[in-house]
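Form predicted alone, single chain, as structure tokens, below.
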Amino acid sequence: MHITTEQRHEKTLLSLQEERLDAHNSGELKEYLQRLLENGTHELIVDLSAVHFIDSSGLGALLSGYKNANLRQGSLILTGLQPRVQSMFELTRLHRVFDIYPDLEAALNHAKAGELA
């Protein structure tokens, strides 16, 4: 799995450079998120704009990261969901669990607002 990371406004931005997030690569994402969280990175923004398909294992990997971030008083927010991916979040009602922003700018504005609070 190809993931790029960078620091933005005290948050770690992860950009998934995969068209699919499914059973073939979701385990890698889950482990990657777990390592980041165990190493002290607790504020994550995951950019899914390159992902055009997600299955239940992909959703599970993101949910695992979300839960682990919350256990560490952190956050995992999502941005850039393509229509089919957004549809999966709505079908599973996970759009009610995650903070989801339409684009990176909106997610970063949320991140900045959190720093001011």
Partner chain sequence: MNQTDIDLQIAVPPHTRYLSLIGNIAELLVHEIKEYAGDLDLLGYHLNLVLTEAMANVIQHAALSEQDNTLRVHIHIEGDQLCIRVYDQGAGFDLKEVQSPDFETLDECGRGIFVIRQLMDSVDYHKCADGNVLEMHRKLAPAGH
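These numbers come from a predicted model, not from an experiment. Positions refer to the first chain, counted from 1.
Here the subject shifts to the form predicted in complex with the partner chain, a form of this protein not shown in this document.
Margin query: Even though the partner isn't displayed, in the predicted bound form is residue 64 close enough to the partner chain, meaning a heavy atom within 4.5 Å?
Written below: Flag for residue 64 set to yes.
Checklist line | in the predicted bound form, residue 106 touching the partner chain (heavy atom, 4.5 Å) | finding: Flag for residue 106 set to no.
Next item on the list: Answer with yes or no whether residue 55 is in contact with the partner chain in the predicted bound form, where contact means some heavy atom within 4.5 Å.
Entry: Yes.
Next item on the list: Indicate whether residue 91 is a 4.5 Å heavy atom neighbour of the partner chain in the predicted bound form.
Entry: Residue 91 belongs to the contact set for the partner chain.
Item checked: Residues within stretch 25-42 having a non-hydrogen atom within 4.5 Å of the partner chain in the predicted bound form -> Contacts from 25-42: just 30.
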